[in-house]
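First, one chain by itself in structure tokens, the form predicted on its own.
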């Protein structure tokens, strides 16, 4: 399977990127996927999403612009302990992600990990990830994936990464004028089923944002996408729309997810949805296989379909800039 077939598919309703143009825009609903091997910078200018290839003239100018707010990195789906043919060495690819973070031209303020830290919720798997991520020397905020809550209803995860969280692990915090909301949508997840937040978490979310001014930028991060990427494979959250209804008053909302192991983006009104690469293995594009799961690619292509997301917040801008970078 070529990189183009892996990430672009008109049959699945995805927008195919034209590299001969500087940007893309669509009225109303928009979905785009970053192309493998180069990364993409996505930013909203004047309310219009534009997507630039890294290394292009336009992308280079945007990348070099001085940051006025904050910068952070999203990583996801480390699946420590996985050792199948799709990637027999997830330790090496996570270390490559750390090297990528440490080599960024501007050091991030912190890191978000959007879940599936481990593959089987084993203490040794969490230990390995913690040890590898120490090399970033950054504060790290976590949400659980379904693989992190397999054996104990998430108790070990919360003890390690959510000691000050509410309920089953949700919490919020503020950084440089941006309000971050960590949601948990993987509890009691059935195979192929949609994620769910539940009434308690939804009530907490409504109360958490009630006092905030509409001008406050909001970043929501959770493991399973809050939008319906592909419900047939469980790639969506059953009550995600209700959660998003509490965020309608805000002018800038960015939702960051993992779980699907590929970069996808959708812009709808004031909300930009973005899913991240895995650092472990790719999964098929929606509907391109009988079902989701680890996908083997030629070994020389593996690091082109794994990566990180570098996120910039610029003061007085409508949305956050997102740069997806592969591990090569």
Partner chain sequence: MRRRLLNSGLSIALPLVLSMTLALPVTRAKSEEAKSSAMEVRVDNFTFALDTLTIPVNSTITWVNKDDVPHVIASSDGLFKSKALDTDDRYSYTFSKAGSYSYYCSIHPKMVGKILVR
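Predicted model, so just to flag it, every value in this text is computed and none were measured. Numbering follows the first chain given and starts at 1.
If you look for the form predicted together with the partner chain, you will not find it shown, but the lines that follow are about it.
Between 203-211, 245-253, 188-196, 101-109, the stretch whose residues reach within 4.5 angstroms of the partner chain in the model of the complex through a non-hydrogen atom is 188-196.
The three marked residues, 123, 162 and 169, fail to reach the partner chain in the model of the complex, with no heavy atom of any inside 4.5 Å. The shortest heavy atom separation between residue 82 and the partner chain in the model of the complex is within 4.5 Å. Remark: residue 147 counts among the residues lining the partner chain in the model of the complex, judged by a heavy atom distance of 4.5 Å or less. In the model of the complex, none of the heavy atoms of residue 215 sits within 4.5 Å of a heavy atom of the partner chain.
Mapping the unseen interface onto this chain, residue 300 falls outside it, with no heavy atom inside 4.5 Å of the partner chain in the model of the complex. Of the listed positions (138, 71, 158, 119), a single one reaches within 4.5 angstroms of the partner chain by any non-hydrogen atom in the model of the complex, namely 119. For the stretch 282-296, the set of residues having any non-hydrogen atom within 4.5 angstroms of the partner chain in the model of the complex comprises 290, 291, 292, 293, 294, in sequence order. Note on residue 198 and residue 190: their C-alpha atoms are nearer in the model of the complex, a change of at least 3 Å from this conformation. In the model of the complex, the CA atoms of residue 190 and residue 295 move apart by 3 angstroms or more relative to this form.
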